[in-house]
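Before any questions on binding or motion, here is one chain by itself as structure tokens, the form predicted alone.
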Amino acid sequence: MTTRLRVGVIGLGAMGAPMARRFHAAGWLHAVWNRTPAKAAALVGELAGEPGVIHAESPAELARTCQLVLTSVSADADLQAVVEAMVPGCHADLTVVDTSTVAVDTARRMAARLAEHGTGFLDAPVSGGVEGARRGSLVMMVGGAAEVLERVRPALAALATDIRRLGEVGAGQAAKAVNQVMAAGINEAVTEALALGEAAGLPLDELIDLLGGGAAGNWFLDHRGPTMVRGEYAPGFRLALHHKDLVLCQQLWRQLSGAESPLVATTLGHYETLMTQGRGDEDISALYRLKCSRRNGSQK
């Protein structure tokens, strides 16, 4: 019989909040904490009932009362701050699972810091976007000890349909870098191709449906193609966050090969143009704006 862990979630943004809801629906969620207290208070109010959810006063208090803490923050500095804040409450029965996208070296430093207190650590970035977090259909790329993962896997199954250990700490972040480079290439290709389709006067909704069944079909085309050609860019994955991730990818590329990825450099340049136009909070499919503007001097 699976032992039910007390789970805490730190970071209740676009990904953290739906993951917390998934834990609650499965009966695992014990406590939450967010840098902006109002977000945590609102979620606790929303989830009132059984099982009850605690609004922890601090990361240390949350860590002290939980056996699994999931972190979902935006950047390396945020993760470092959260880990340091947790340290006074850390204990040997605790595992920290970080789903943020950070540098490989940052993940390794956080693991070493927590190990000083007997606390396990997994770097476990995810793919699948906000939709996947809401549905519990994320893909989770894990770095860390196999026995640590097996201890918390039953709880993580509330979030992800594929939880894959790829090596020791840092392997999850390396895998996420591969994912983010691939996502950049797909974004570039799909937006460029659909801009060509628009220029050719093709019926884009019909074209997207048709191409989705062929060799060019992919998740991004299916889920973002119809919205981008309507000029709708509600964020599933914010452009500014992908830019941040690609900076990490380029740094890792340099460390490992001494060279740069031309694809990553191109996408970073495109994103920076859009960010200067105030588009950083839009979905990454807003790249379509840029591809169309090159043809007709306006933006979708």
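Remember, predicted model here, so these are calculated numbers, not experimental data. When you see a residue number, it is the position in the sequence shown, counting from 1.
From this point on, the text means the form predicted together with a further copy of the same chain, which you will not see here.
The closest non-hydrogen atom of residue 85 lies beyond 4.5 Å of a further copy of the same chain in the model of the complex. a further copy of the same chain in the model of the complex comes within 4.5 Å of no heavy atom belonging to residue 153. Within 4.5 Å of some heavy atom of a further copy of the same chain in the model of the complex lies at least one heavy atom of residue 257.
Taking non-hydrogen atoms only, residue 217 approaches a further copy of the same chain to within 4.5 angstroms in the model of the complex. Listed residues 195, 94, 169, 148 were compared with a further copy of the same chain in the model of the complex; 195 is the one with a heavy atom within 4.5 Å. When a further copy of the same chain is considered in the model of the complex, only one residue from 211, 81, 75, 130 comes within 4.5 Å through any heavy atom, namely 211.
This chain is displayed without a further copy of the same chain, yet in the model of the complex the stretch 139-147 from 95-103, 67-75, 114-122, 139-147 comes within 4.5 Å of it by heavy atoms.
In the model of the complex, a further copy of the same chain lies beyond 4.5 angstroms of every heavy atom of every residue of 27-41.
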